[in-house]
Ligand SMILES: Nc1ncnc2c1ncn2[C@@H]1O[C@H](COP(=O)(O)OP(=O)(O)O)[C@@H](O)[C@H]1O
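Next comes just one chain, in structure tokens: the form predicted alone.
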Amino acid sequence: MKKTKSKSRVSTGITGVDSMIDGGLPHGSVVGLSGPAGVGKSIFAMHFLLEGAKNGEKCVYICLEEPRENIDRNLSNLKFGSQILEFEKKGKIKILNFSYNDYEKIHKDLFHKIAEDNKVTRLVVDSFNGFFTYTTGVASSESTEQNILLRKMISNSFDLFRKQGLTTLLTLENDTEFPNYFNHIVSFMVDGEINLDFLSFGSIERRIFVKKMRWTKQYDSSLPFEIGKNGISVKKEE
């Protein structure tokens, strides 16, 4: 098991975000990244993975929503996309992309197999909602029995991440058909949650807000951010 320093920080790779959370995510924490589709969650995750690879860490990205060609297309639109692909060739970033048919066959052992590799320090699951889509229909019912089962499954996953010292980023969709209790349970159980959202003031503006972050003196209001060739850039309020 990897040793964790309680006060150590893991940079997100986005300077403006790190400044909102005492320099980065708490080492070994499980953090949710919530927001609607298209707001920039996957790009945020790429910053996080690239930062780890630059530091010599081994990082794993599990994608359950996009085919590999879409990931490559998105990377081609980012200046640092070629760096991610180079680190993938070197084995520092591992991109695991599954069709739902393939995922159904391996989901029970997936996290355990990742945890067995003691060199992995950063994990992204994009999206975490999707992880439960084909787990015996747990995410489709609001019965008390199913809620208990769902909570146990999430808790077991989080325990595994924490025991292995993985700093884990889970993207969470909040505009899907998933029942509200799914995100409610996850929001309660994660160590931190960063929310990306769209606001409309005549024109569309993206904003970032740290909803919670344990062991952290966090920024207490939202900030605007933009997405360009360099990825995500957090702006100061004028």
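In this text the structure is predicted, and so the values were computed from the model without any measurement. Just count from 1 along the sequence shown to find any residue number.
Keep in mind that the form predicted in complex with the ligand is missing from the display, and what follows is about it.
- You can rule out all but one of 207-215, 48-56, 181-189, 33-41: in the predicted complex, only 33-41 has residues with a heavy atom within 4.5 Å of the ligand.
- Proximity of residue 23 to the ligand in the predicted complex: non-hydrogen atoms within 4.5 Å are absent; the residue sits far from the partner.
- Contact between residue 223 and the ligand in the predicted complex is not found at the 4.5 Å heavy atom cutoff.
- Taking non-hydrogen atoms only, residue 99 never approaches the ligand to within 4.5 angstroms in the predicted complex.
- Though the partner is left out of this view, residue 156 does not reach within 4.5 Å of the ligand in the predicted complex, counting heavy atoms only.
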